[in-house]
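Next up is one chain by itself, shown in structure tokens, the form predicted alone.
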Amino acid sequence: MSLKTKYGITALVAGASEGIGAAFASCLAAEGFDLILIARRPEPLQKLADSLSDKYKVGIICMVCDLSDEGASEHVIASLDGKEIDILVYNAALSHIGSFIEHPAEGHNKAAHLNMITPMNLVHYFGGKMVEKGRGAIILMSSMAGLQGSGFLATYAATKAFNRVFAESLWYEWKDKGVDIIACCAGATVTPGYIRSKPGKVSLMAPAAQKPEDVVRECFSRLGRRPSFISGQANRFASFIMQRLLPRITAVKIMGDSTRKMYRL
């Protein structure tokens, strides 16, 4: 069954201008969905929208919005003025790499709002509408950093843990209501943001970074089948060792040591 047949005709992608969000938008446009694309920067967002509109002949609405703002979810909901959303993808995220206390509290608050509060509010509204009509899908991007404590990624890791538990909890509540929800726990992915962070190689044994398109393809193959998943076979193998075979304190140390080495902290 196609995504349109199962879910509807309109998809909203938050954090859509590049990387995994753009890959989600491209995949959904190829499936024939009309799109609502949200991002903070207007230029790359409009460039993506023009490209997808020309290629797939779908309707696209661009919404420029800083999703870390306290009123972001209310702004999105009001701007759409009751428009029905059949698939919601929340990809937007903010990550500070480095010492927790050396980064201003305001920055951590913005990350918490962008990564947790805004998606929670959007899921509450649009998910509620989906439950009412008995059809829909929601994808929340999580991270392998959220599977255990991750030094030098403290706030980001904690918020991504929230996204995974949040999606898993709603999967249980909605599994018999026609609404599919999943958390995608991605590892390193070759996105512009990842490249801009200038990561170093941790070791020859570290999983290679995935392509955004591969993450998206795997996510849709698992949507409706499970509440969360880890993207990439190598990442799943690494997670199995970290979560099942090693003591948790060892896993936490490995994550912190890896981030320290990767970013030369």
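One rule holds for the numbers: they count along the sequence shown, beginning at 1. What you see is a predicted model; the values in this text were computed from it and never measured.
The same protein has a further form, the form predicted together with a small molecule, not shown here; the description that follows concerns it.
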Exercise. Would you mind picking the one in Arg41, Arg236, Lys55, Lys47 that has a heavy atom within 4.5 Å of the small molecule in the predicted bound form?
Key: Arg41
Self-check item: Proximity to the small molecule in the predicted bound form, single hit among Gln148, Thr155, Asn121, Thr191 (heavy atom within 4.5 Å)
Solution: Thr191
Exercise. Have a look at 26 to 34, 217 to 225, 236 to 244, 193 to 201 and name the one stretch with heavy atoms inside 4.5 Å of the small molecule in the predicted bound form.
Key: 193 to 201
Quiz item: Would Ile60 sit within 4.5 Å of the small molecule in the predicted bound form, counting heavy atoms only?
Solution: no
Practice problem: Find out whether any non-hydrogen atom of Lys160 is located within 4.5 angstroms of the small molecule in the predicted bound form, and reply yes or no. | Solution: yes
Practice problem: Indicate whether the small molecule has at least one heavy atom within 4.5 Å of a heavy atom of Met141 in the predicted bound form. | Solution: yes
Quiz item: Is Gly187 close to the small molecule in the predicted bound form, meaning a heavy atom pair under 4.5 Å apart or at it?
Solution: yes
Quiz item: Do heavy atoms from each of Gly19, Cys65 and Ala93 fall within 4.5 Å of the small molecule in the predicted bound form?
Solution: yes
